[in-house]
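As structure tokens, one chain now follows by itself in the form predicted on its own.
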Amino acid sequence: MTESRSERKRRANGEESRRRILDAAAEVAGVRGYDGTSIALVSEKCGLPASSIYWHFKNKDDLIAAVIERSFDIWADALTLPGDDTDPARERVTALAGQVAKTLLDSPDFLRLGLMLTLERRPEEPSARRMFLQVRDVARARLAAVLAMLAPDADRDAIDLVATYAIAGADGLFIAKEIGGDSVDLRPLFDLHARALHDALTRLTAGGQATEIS
């Protein structure tokens, strides 16, 4: 069945409204956190009535979960390994780290909101927190797959260890940026992080022997 012009317009308007709501929610939650975010504040920020927000999202928790999911879709693209097999592994890891740093600078909502939710314990876990933990597991698995491509001789335990270290280090660098603001430049820090990751993966390859990954 062919979609009519009025139906296409209505769908486009709905998609635009949803985007405006998510943008506003990300901005509000990034400043006020989960508890400080309300449908009323999001409505004020996006210029749409609360009824429009509730048409797209059943409650605040559902809205924040959608913000995290959308932000992750953008962030996850940065975990694509650049270059090809003929390029040195160190250069590819450094380029990958640069992609992640740029994405965190351009779209920090995923990690900022997710870390706040993770560190705040509540009697009833918000679905937004579960969403963050789920997509974080996806990110970790994707990174582990990338590391396995770079170091095919490394065993699974070594890959998992370096993947965990990589994400923990990225968390720390992001928090340093949040605290230090403009005084902290993420790009050279992630470059340094990439070198440490490459060296760690090299040392853990081939049963702990210091074998250089080309």
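Quick caveat, the model's predicted, so the values are computed rather than measured. Residue numbers here begin at 1 and follow the sequence given.
The form predicted together with a further copy of the same chain is left out here; the points below concern that form.
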*Heavy atom contact within 4.5 Å of a further copy of the same chain in the predicted complex, the stretch among 32-40, 143-151, 46-54, 59-67*: 32-40
*So which of 78, 115, 135, 89 gets a non-hydrogen atom within 4.5 Å of a further copy of the same chain in the predicted complex?*
115
*Is residue 107 one of the residues lying within 4.5 Å of a further copy of the same chain in the predicted complex, judged by heavy atom distances?*
no
*Partner proximity in the predicted complex: residue 155 to a further copy of the same chain, non-hydrogen atom cutoff 4.5 Å*: no
*Might residue 103 be said to contact a further copy of the same chain in the predicted complex, defining contact as any heavy atom within 4.5 Å?*
no
*Is there a heavy atom of residue 23 lying 4.5 Å or less from a heavy atom of a further copy of the same chain in the predicted complex?*
no
*asked:* For a quick check, can you give me the residues of 176-194 that have a heavy atom within 4.5 Å of a further copy of the same chain in the predicted complex?
replied: 176, 178, 179, 188, 189, 191, 192, 193
